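Have a look below at one chain only, the form predicted on its own, in structure tokens format.
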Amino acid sequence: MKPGACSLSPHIVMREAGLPADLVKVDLAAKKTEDGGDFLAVNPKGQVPTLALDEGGILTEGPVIVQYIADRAPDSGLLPPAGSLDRYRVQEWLNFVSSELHKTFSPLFRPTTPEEFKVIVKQTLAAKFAVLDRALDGKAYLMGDRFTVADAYCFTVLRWAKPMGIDLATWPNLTAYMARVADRPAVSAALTAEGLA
């Protein structure tokens, strides 16, 4: 994991599910684990999150990992049952966060991205934030009153707004949502463990 990166999402889900996990910090620039190991030998993609499985092998890609974790703790309510429409709704939100938010943020992290393009990226994100703000009207979480893996991922990605100079105050439902998610004990514990509280 890299503190504050998208690996925060599965970290939150592990804590919400009550499952044990050994977190290993990764220096993504050097592609080294905190003990000096070669991270590319663990995950040839060189990206977090990466989940080492007890039975051997790894899983990569945050939306897949959080579903895997939630399926290991079905009583947690983090993911509706397979085949249910609600499950597909959660997957719909996971895909929205992945393709419309996460990847749209990416150019803002690159020092080589021209400032003119960063303006366009922030405008694109604003339109996506407006979609989320409308979807959260009258709801505690993306699926209503139930916190799911989609909320863990959405919260993680939306935390990048502030360091990128985007003020979420324009979207009051989104601002309230962020505060509500941050107040969850498992989320607070994950933020503290990563030095982000």
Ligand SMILES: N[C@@H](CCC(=O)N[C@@H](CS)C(=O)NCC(=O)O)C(=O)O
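Here the structure is a predicted model, which means the values were calculated and not measured. All residue numbers are counted from 1 along the displayed sequence.
The same protein has a further form, the form predicted together with the named molecule, not shown here; the description that follows concerns it.
Contact between C6 and the named molecule in the model of the complex is found at the 4.5 Å heavy atom cutoff. Contact annotation for K103: at least one heavy atom lies within 4.5 Å of the named molecule in the model of the complex. Contact between K31 and the named molecule in the model of the complex is found at the 4.5 Å heavy atom cutoff. Contact check for G46: a heavy atom falls within 4.5 Å of the named molecule in the model of the complex. The contact residue chosen from Y68, W171, Y141, W160 relative to the named molecule in the model of the complex is W160, the criterion being a non-hydrogen atom within 4.5 angstroms. The stretch that touches the named molecule in the model of the complex, counting heavy atoms within 4.5 Å, is 58 to 66, out of 162 to 170, 58 to 66, 143 to 151, 124 to 132.
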